[in-house]
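Single chain ahead, by itself, as structure tokens, in the form predicted on its own.
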């Protein structure tokens, strides 16, 4: 029997908006939707609790390197931070508490791991697929996956052959007792400088394999006392004024990173004196002193890293790694370093944020393939041409080398809300940023990046992709990004009205079910 014929009609999706992830981005987006009365949304989370990177990273010593008062939502100050730089448990608890307070928990579906998002041209809707084979449709998709969610492992021969204990810092195994063990740590990035001082206290020996020395500065951390917390809570404007002071203090760093990199020489002198103060052995001092301009790679903050490296049970190894064996790590000089455990402090796939996640847009265009070829590009780090109604929070070139990512996240959330409100007001079904608008934005962005310390400081960093393109950082003051995202310009987009989509569908050839 012949199947009945029908026209594909504009249909109502499962949800008006699907948000991916429950870190600062996803929870903030959910709160904005709730405040605007847009309740037809769902937040999809692969884990069983909220928290994003602050749930996933829980290694010893894990803490923020931006001051607590600034690394929080502007609309939800926390008067009870225990320290100037919050430890991981406090930040995770803050996200959990905020999600509950603003009523977004009922909108979250936990245990939903997405495998892809595909734009259906005929319907103008997004179809998301899950690891369990489920399909979820939406008119708009907001990705809050972030850039620091996929662990990066080094490409070392024999990595899988090691018979001892091994894990990445993001997947820390707290049940494994390091006491009395010989531990190899591969990597000296932001995570390693926090956990190495902690494990050095109990491990019999720590062999730290360093490819490139980081620049490390003292961390101006301190406990926040009872009186100061009371002032935060009860004196009007006290905490907000302190937040503003921190904000403008950090913004001043743009002068050295972007506008006049020569200014970094003074900071570099301070960093060298910091090394000399805590590393007395000339050979070790030479090992831990970087050979590139400070700021080219992320500047790390620590009050105990250099002290830990000077301990008699810690050895910094700068000889390259040739391979990994069943027993340990073999360096290029032929020496085998036998160890009980290997911990990877090798960071994340920051320039490959969509790894393992398929996204196709208009005409089946593959976003992973496009970004691999051309570098990750978006307009205002938020929308990308050929992918209507798809929004990225912490997207390309929204990362910061000087301030709080929460400011950027809130700016992007505001922009996405402006887009959703514009569509509602004008009867748009979906919007797609114009190719020339995106191209012009990224051309100007690349021009600004050309003169920065990140691109010209003589280093290779995770800020840049495998072709050397800096697809990670925002090369300007954050308030300029805030101004750029304050309003949406409808002329930047090609908009499809719901009525026009319905008419186009009606005129299309009949389709068999």
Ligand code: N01
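Residue numbers count along the first chain shown, from 1. Keep in mind that this is a model prediction, so the values were computed, not measured.
The discussion below concerns the form predicted together with the ligand, not included here.
> Which pick from 42, 449, 64, 488 sits with a heavy atom within 4.5 Å of the ligand in the model of the complex?
Exactly one listed residue reaches within 4.5 Å, namely 64.
> Taking 4.5 Å between heavy atoms as the contact cutoff, choose which of 290, 347, 375, 124 touches the ligand in the model of the complex.
Of the candidates 290, 347, 375, 124, 347 is the one lying within 4.5 Å of the ligand in the model of the complex.
> Going by heavy atoms within 4.5 Å, which of 257 to 265, 208 to 216, 94 to 102, 242 to 250 lines up against the ligand in the model of the complex?
Heavy atoms within 4.5 Å of the ligand in the model of the complex occur in 208 to 216.
> Might residue 154 be said to contact the ligand in the model of the complex, defining contact as any heavy atom within 4.5 Å?
Contact check for residue 154: yes, within 4.5 Å of the ligand in the model of the complex.
> Using the partner position in the model of the complex, report whether residue 59 sits within 4.5 Å of the ligand, counting heavy atoms only.
Contact with the ligand, yes.
> Is it the case that residue 408, even though its partner is missing from this view, gets within 4.5 Å of the ligand in the model of the complex, heavy atoms only?
Close contact is absent here: in the model of the complex, residue 408 is far from the ligand, nothing within 4.5 Å, heavy atoms only.
> Does the ligand get within 4.5 angstroms of any non-hydrogen atom of residue 278 in the model of the complex?
No, residue 278 stays farther than 4.5 Å from the ligand in the model of the complex.
> Heavy atom within 4.5 Å of the ligand in the model of the complex: which residues of 185 to 223 meet that condition, in order?
Residues within 4.5 Å: 186, 187, 188, 189, 190, 191, 192, 194, 211, 212.
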